[in-house]
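Heads up, the chain below is alone and in the form predicted on its own; it's given as structure tokens.
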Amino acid sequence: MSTAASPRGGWSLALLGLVRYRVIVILAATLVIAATFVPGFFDARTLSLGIDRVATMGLIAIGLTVVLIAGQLDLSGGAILALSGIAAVGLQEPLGQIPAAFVGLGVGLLAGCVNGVLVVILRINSLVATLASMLLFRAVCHLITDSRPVSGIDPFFGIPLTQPVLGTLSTRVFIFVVLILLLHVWLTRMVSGRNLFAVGSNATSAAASGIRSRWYLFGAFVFSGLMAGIAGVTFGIASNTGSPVFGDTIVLTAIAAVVIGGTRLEGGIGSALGTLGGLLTLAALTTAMEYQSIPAYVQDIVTGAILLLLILLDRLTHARRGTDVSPAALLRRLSSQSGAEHPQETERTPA
């Protein structure tokens, strides 16, 4: 019986290991496929363009990572992006470019506060609350612009945001990378960051242990709004345009990237580096398929299939989440299993 159980145990552990490190596995597989079908995929310019295209979505994904770890959902990021961009670009003439940019950031912060009030104080389900605020913010965008794009006063003002500052990385990519690394440090090194995981796992138990759960939830929505505001301001200034239709589908893709990166919709589990891996996976996948002239709807099908596969694998292995599947633990288990097989073979020989 033990000889038959060992291979199953090995396969089970291997599956757990693959699921635990799924971001690395999928990112590596995507890079290999992309390099196979796209000539010069690893050229600095191609990589730079691929990363630059996810910088704006990445800023929204940073905020969503915090909200999802807290066990909530925020669908309003795209609408906040549009509203902040319109404020940052449309107010340049009366206020000046720098003050208008700060107003755009303030709009994002205020929108995040509105979401926090709806969810934490009025106790509305976060899906319903942010769906309603998304519709509200989007309607405000159309109302104040008469459903037309607005332009800034200087088309060259935002060019530095798209210029390389570190190798081939543009300024907005640099901003995104710095912010996601800061989030990683906060989540892994700071007590308040670890408290967020406790709130996401069980807000009531966290509150009973002395953690101010409601403040963490409120702060998560404010942070998400601010990140969407930064995304809207940088995108609006870089393109010298604010539009009520900007970011209409960006939130769903950002959520997909965060979930591919290992953050659970139920809360309590997630990481900033996982989100970075999810974003890079989607960027590589999209770049490879665009080079092959694959239609956008097929790209969405592939992204959705990967997302469903990862969620199903996560569900299958959820019951054994406590199992140690670190590389060292896997090697120890494989060694012990191979060591256990030899005595059984020795016992069968005399028979």
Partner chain sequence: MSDAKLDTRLDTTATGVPGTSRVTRAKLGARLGPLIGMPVGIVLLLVIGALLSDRFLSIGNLVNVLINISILGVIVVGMTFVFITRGLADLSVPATVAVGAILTLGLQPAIGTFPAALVGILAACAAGAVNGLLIGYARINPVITTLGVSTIVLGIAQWSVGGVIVYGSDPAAQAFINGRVLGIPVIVIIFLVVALLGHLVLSRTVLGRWVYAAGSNPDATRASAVPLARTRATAFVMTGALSGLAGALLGITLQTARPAIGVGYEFDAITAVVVGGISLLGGSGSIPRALGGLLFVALLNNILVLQGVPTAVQGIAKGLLIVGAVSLDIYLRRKGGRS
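Numbering follows the first chain given and starts at 1. Since this is a predicted model, take the numbers as computed values, not measurements.
The following text describes the form predicted together with its partner chain, which does not appear among the structures shown.
- Under a 4.5 angstroms non-hydrogen atom cutoff, its partner chain in the predicted bound form lacks G104 among its neighbouring residues.
- The closest non-hydrogen atom of F42 lies beyond 4.5 Å of its partner chain in the predicted bound form.
- Its partner chain in the predicted bound form is approached by L143, whose closest heavy atom lies within 4.5 angstroms of it.
- Looking at G71, you'd find a heavy atom of it within 4.5 angstroms of its partner chain in the predicted bound form.
- Comment: its partner chain is not present in this chain, but in the predicted bound form one of C113, L181, I124, I159 has a heavy atom within 4.5 Å of it, namely I124.
- Between its partner chain and the residues V165, L95, L265, V177, the one pair within 4.5 Å by heavy atoms in the predicted bound form involves L265.
- Every residue of the trio L75, T204 and V298 has some heavy atom no more than 4.5 Å from its partner chain in the predicted bound form.
- Picking from 283-291, 25-33, 56-64, 302-310 the stretch near its partner chain in the predicted bound form, with a 4.5 Å limit on heavy atoms, gives 302-310.
- Residues S126, L127, V128, L131, A132, M134, L135, L136, A139, V140, H142, L143 are the ones in 126-143 with at least one heavy atom within 4.5 Å of its partner chain in the predicted bound form, listed in sequence order.
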